[in-house]
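Only one chain is given next, in C-alpha cells, and it is the form predicted alone.
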Amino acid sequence: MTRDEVILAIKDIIETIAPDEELDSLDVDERLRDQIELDSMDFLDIVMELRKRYGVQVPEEDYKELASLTSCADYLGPKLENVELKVGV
C-alpha cells in the first residue's frame, strides 16, 4: 500500500466503527481522538479491524503510534507495503 492508501484504509475502518463521524475534513497531523469521538473501545476495534483485514498485529505498547493519520501511515506503511487495500469490507 502507498502512504495515501494506508490513510484511506484507516479512514475506512473508522467509518465502519463510527459511521456518524465526518472524516473528510480530518487533519492528518492532529490526534484522531481530538478530532472525532473515539473512546478506548473504538480504538481497540480499529486495532482488531487492522488485524482482521490486513493481518497486522499492533502490540499495546505501539498504540501511541496510531494517534494521527500521519503516525498511522508512518507506523503501518512498512507493515502493509505488499498488501492490497481493502475498502468497504
Partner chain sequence: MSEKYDAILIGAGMSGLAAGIRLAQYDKRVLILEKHYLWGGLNSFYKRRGRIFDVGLHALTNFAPKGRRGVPLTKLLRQLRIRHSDLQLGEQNYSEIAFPTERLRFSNEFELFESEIARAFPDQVDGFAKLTEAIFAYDSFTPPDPDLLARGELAKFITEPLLVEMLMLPMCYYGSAIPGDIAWYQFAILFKSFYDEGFARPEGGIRPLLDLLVKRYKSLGGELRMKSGVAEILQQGAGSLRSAAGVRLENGEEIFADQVLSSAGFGPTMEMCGAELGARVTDEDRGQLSFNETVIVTDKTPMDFGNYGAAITFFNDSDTFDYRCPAPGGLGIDPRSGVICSPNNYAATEPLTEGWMRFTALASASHWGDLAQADATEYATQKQRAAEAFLDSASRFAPDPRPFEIDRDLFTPNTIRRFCGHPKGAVYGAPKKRLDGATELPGLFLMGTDQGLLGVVGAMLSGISMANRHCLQPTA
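Bear in mind that the values here come from a model prediction, so they are computed numbers and not experimental data. Residue numbers count along the first chain shown, from 1.
What comes next is about the form predicted in complex with the partner chain, which is not displayed.
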Does A67 reach the partner chain in the model of the complex if we count a contact as any heavy atom within 4.5 Å?
no
Applying a 4.5 Å heavy atom distance criterion, does S71 contact the partner chain in the model of the complex?
no
I'd like to check something about V28: if you look in the model of the complex, is any of its heavy atoms closer than or equal to 4.5 Å to a heavy atom of the partner chain?
no
With a 4.5 Å heavy atom cut-off, would you call D39 a contact of the partner chain in the model of the complex?
yes
From first to last in sequence, which residues of 12-27 have any non-hydrogen atom within 4.5 angstroms of the partner chain in the model of the complex?
T16, I17, A18, D20, E21
